[in-house]
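The chain below stands alone and is given as structure tokens, in the form predicted on its own.
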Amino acid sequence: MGNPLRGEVVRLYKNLLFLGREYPKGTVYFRERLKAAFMKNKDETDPEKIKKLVAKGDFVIKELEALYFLRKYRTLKKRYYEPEE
């Protein structure tokens, strides 16, 4: 019988892979770090610990989204506003 949290972990991994496509240091760098992080915790069986790790992953997703929005905002600001002196 499989772990009921497996779906959550797979969802988290897929979402992070999708977000990693735009990572500033490159997709390959992000994918390697992501895989290492998930492999480090692959033998975890305690449901409470897994829930905490998934919550931490959700936090990382929010941080990545904020990073991307900030980058887009800065690009638009440079493009449409004159530099302040």
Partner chain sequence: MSGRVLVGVKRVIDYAVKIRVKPDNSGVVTDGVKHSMNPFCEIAVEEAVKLKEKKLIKEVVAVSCGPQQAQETIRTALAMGADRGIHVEVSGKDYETLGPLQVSKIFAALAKKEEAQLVILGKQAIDDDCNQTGQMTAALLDWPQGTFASEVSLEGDKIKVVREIDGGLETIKISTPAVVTADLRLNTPRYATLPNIMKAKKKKIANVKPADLGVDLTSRVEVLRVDEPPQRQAGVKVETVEDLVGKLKEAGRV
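Note that the coordinates shown come from a computational prediction; the quantities given were computed from them, not determined experimentally. Residue numbers count along the first chain shown, from 1.
Form predicted together with its partner chain: not shown, discussed below.
Student: Counting only heavy atoms and a 4.5 Å cut-off, does its partner chain in the predicted complex sit next to every one of Leu5, Tyr29 and Leu34?
Tutor: No, the whole trio is out of contact, none within 4.5 Å by any heavy atom.
Student: At the 4.5 Å heavy atom threshold, is Glu22 in contact with its partner chain in the predicted complex?
Tutor: Yes, contact at 4.5 Å.
Student: Taking any heavy atom pair closer than or equal to 4.5 Å as contact, tell me whether Glu63 reaches its partner chain in the predicted complex.
Tutor: Output for Glu63 is no: heavy atoms all beyond 4.5 Å of its partner chain.
Student: Counting only non-hydrogen atoms and a 4.5 Å cut-off, give the residues of 61-82 close to its partner chain in the predicted complex.
Tutor: Heavy-atom contacts within 4.5 Å come from Glu65, Tyr68, Phe69, Arg71, Lys72, Tyr73, Thr75, Leu76, Lys77, Arg79, Tyr80, Tyr81.
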